[in-house]
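Look below for two forms of one protein chain, each set out as structure tokens: first structure 1, then structure 2.
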Structure 1
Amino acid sequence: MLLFDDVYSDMLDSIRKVLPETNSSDLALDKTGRCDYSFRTFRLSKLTGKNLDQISELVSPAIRGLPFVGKIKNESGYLNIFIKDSFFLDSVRRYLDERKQYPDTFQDPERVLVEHTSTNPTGPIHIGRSRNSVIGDSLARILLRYGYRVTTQYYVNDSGKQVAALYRGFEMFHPGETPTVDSLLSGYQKIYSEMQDRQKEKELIDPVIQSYENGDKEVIEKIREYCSIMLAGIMESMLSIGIKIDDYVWESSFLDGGELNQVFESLSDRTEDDGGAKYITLPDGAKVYLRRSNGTSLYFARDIAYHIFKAMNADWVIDVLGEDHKDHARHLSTVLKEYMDYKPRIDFVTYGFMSLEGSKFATRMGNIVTLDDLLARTIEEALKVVKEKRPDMPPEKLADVARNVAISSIRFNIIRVNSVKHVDFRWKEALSFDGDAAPYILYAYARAGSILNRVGSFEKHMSVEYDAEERALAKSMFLYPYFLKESVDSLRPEIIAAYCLDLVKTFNDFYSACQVIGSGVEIEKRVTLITCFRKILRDAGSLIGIKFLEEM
């Protein structure tokens, strides 16, 4: 829960005291530049039968008494409300001084479990998959900032067909060799081309799955070993862009565990038989298989078991999934909620697929960009740019700047787009550092810092006169909690990305319009604006993984 001077709620409450019919959409943040908030009198007029002026005469006095409300204008069906100029900065500064952060938070007892990435440990993480990690990590940070107790979890698929293929591929094509990421991947790719027809696939893979589920120690240990090697590489890649997951849960731990039995027991009344295989039929008519005819379990059953496990430590479960899992997620949710009395709130955040320069990702065709490739090339490109812009900078600093710019850019490019949208990855765009991108944010932060470094001592005098640019910057900072809340309510991290861009834009307007050093009676207010701006931008930007720099 967020603690701040919530002017919106205060005004809405006051208005409802005199006009209980008021809907929350009747009072809104102004988008036209006329005022700060506007109240739609025409809507209430229609609803209550009172004319526009009568509504206005009722509402104006109700909010005029609020300490932050300034002018109120009655204009063509709208009541245009102004907040007092100095209120925005005073409010933000008070929180930062007294509570060290704006907004402050109240610890929510709810435990949130964000599962993300969970990519099969059968190869390095590629940029399509990294969208999952970036979204999940940002969401976790945002929820934590909001005041929830958050943990992140990676579900490691070390049972089932994919990893059976990983095992079989390595044993077939690299017998006796020491397993490495490369040799494992090579075996996996080779056996996958063998598995093109399903008959061949059955012959190669079924025996492995069978012995795995029968508890064949050697197979289980080997698979676990190979998966661990692959997973270590994935973890390192994620860490390179600032993502660290709290817990890794191995799917195999549910094979002989009580959760899986619990699943089959709970669903036994609904289970139907198809030649020995077991399935259930959902309300939408979909048949979902739980067991193969040979008795081994299927992903759906194991995923229910996993979610039962999750519920033991969470009040709110959030899964970040590719859009190809949307139906699975819907079905899972139905079974948990309708058939199994699942207690936690559960949400699925799905994201659209990525393509590469207009064509599909195809792992086996080599049409793929790994996260490591992307980071390496982006650092290289960033280095070129910094060298050019800052010939005076020492090499170790150049490298540090290039790395932070690259990490921030990659994460920002991924997170700024609404997750439901498909994204076509283009190198030209990925390596561009102009406009709506991370460097825009980093640069403003560094420039603001530079002013503070140079300003020295100055005369204390908090001016209450505000230029338009000063006011806009203070207002933008003040509005941060609303965006944070909206981001949590909708589970959309891109709202924070958009907020950062908007905040920086108001700063740049201020920067070019208002000289700070040597500005006489304005200086304390302007230094305060910059100090607060840096804290809030850093706060918001960190939620989406931006790594700030003092200098660039």
Structure 2
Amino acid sequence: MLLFDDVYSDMLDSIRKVLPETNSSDLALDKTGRCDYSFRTFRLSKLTGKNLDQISELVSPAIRGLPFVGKIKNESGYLNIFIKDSFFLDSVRRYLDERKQYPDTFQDPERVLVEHTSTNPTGPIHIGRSRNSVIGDSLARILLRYGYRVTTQYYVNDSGKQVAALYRGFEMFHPGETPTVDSLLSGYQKIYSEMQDRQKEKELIDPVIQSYENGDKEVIEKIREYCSIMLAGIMESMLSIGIKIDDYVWESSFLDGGELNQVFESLSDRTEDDGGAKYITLPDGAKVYLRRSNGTSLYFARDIAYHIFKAMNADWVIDVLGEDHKDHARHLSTVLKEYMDYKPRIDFVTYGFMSLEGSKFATRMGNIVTLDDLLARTIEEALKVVKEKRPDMPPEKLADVARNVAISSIRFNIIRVNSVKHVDFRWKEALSFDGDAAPYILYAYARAGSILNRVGSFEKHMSVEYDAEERALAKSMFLYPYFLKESVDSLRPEIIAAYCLDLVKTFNDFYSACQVIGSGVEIEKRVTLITCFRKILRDAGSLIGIKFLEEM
């Protein structure tokens, strides 16, 4: 949980003591610029029969005594509440000085398991799937920052049709060769071109699945070997943009385990037969198959078993899935909650597809752009931009800056868009120093550092008067915990991306309007503002994978 001076909760609690009918929607952070918080009286007037003046007579004295409240104004059905100018910066600075971070956290005992990426180990991770990784990793970081005990997990799909095709393709088209990522991918793509209909697929793939589930050790070992080779490449690619997963769970581990047997036993009373295949019918009429007619299990059954396993180690389970898995998620939730008495909270975060400069991709057909490809090209493009802005920078420094800018730009460009919306990655937008992009954030951080490096000694005298831009920056920093909370409550990491942009825009307004060096009695306050700004921006930006630089 977050620890900070929660003025919103303090005001709400005080108001409820005199007006118990108040709910959280009646008090809101004001975004119009008229005040800091507004108390809306419309609903309460209707509910209690009291007019604005009567409500004000109750509420104003209740909150006016709070140490942070400045003035209160009645205006058109609202109580406009202003926080004291100095409170915002004083509160932020105190936490940073005493607790070393703002907000501070108290570790919540709740265990959260975030499963993300989990792409089939049948090829390199492509840019579409990398969106899963960026969203999942950012969510895990945000939840950890909030105070939860967080574990990330990758579900390695080494069972079923696609890995059977990986095995069969390599054995058919590269017999006797040493398996590599390239040869495995080649065989995988070639066998899919062979399987033009279900009959051909049955001839090539079904015997492999049958042998696998019947415990054929040679087939099992080979599939595990081939999947491990592919998985190592995926792990390396993710690590290149700062993503490391805690645990890897192999789907095959549930084939002969108690969890899968528990699934079939728990659902036996609901199971129906379709020519030997087994399925259950859900309340919405959907038929969900658990077994094939030859007795082998299907992915849905194994995924239920996996979630039973997750429940042993988590109080809250979060799955990050592509939008094409929405029905699977809905059906899985129904079965777990209504038929399996699943105890943990479970949430599904789905995301829209991603394209590159308008192009879409299909792994099986070979039309892919991998995450490695994207990173290499983005580094190349970032190097051009940085060279143009800093021709004086040494080559080795340029290369380091370009790489960090590229990683930050890829992650920010992906995360800033609401997960359900489509993302089209475009280099010009992602690498902009002037727009809603990572370089814009990185440059502000470096600029703030440059100012602090040039500040010499000065007399300690904190001015109590605040210019509008000073107050706006202090307020923006003070509000950081509320954005953190909103991001956790909604499982939307793009809220943190939007906060970073807004904080930087507010800093740039301050930078343009408020002289720092040589500003007389204002200097201590302005140096404090910049120092706090860098710490909070770095804290927030790191949650979404931005790699900050001291020099740009």
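Every value quoted in this text rests on a predicted model; they were computed, and no experiment measured them. For the two forms, the rigid core is made up of the largest set of C-alpha atoms that agree within 1.5 Å on superposition. Please note that residue numbering is based on structure 1, beginning with 1 at the start of its sequence.
Source of structure 2: the form predicted alone.
A displacement of less than 2 angstroms separates the C-alpha positions of Gln162 between the two structures, with the rigid core held in common. Shown in the overlay between the two structures, fitted on the rigid core, is a CA shift at Lys100 smaller than 2 Å. After superposition on the rigid core, displacement of the C-alpha of Trp316 between the two structures stays below 2 Å. Its Cα shifted by 3.6 Å between the two structures, Phe425 is reported here after superposition on the rigid core.
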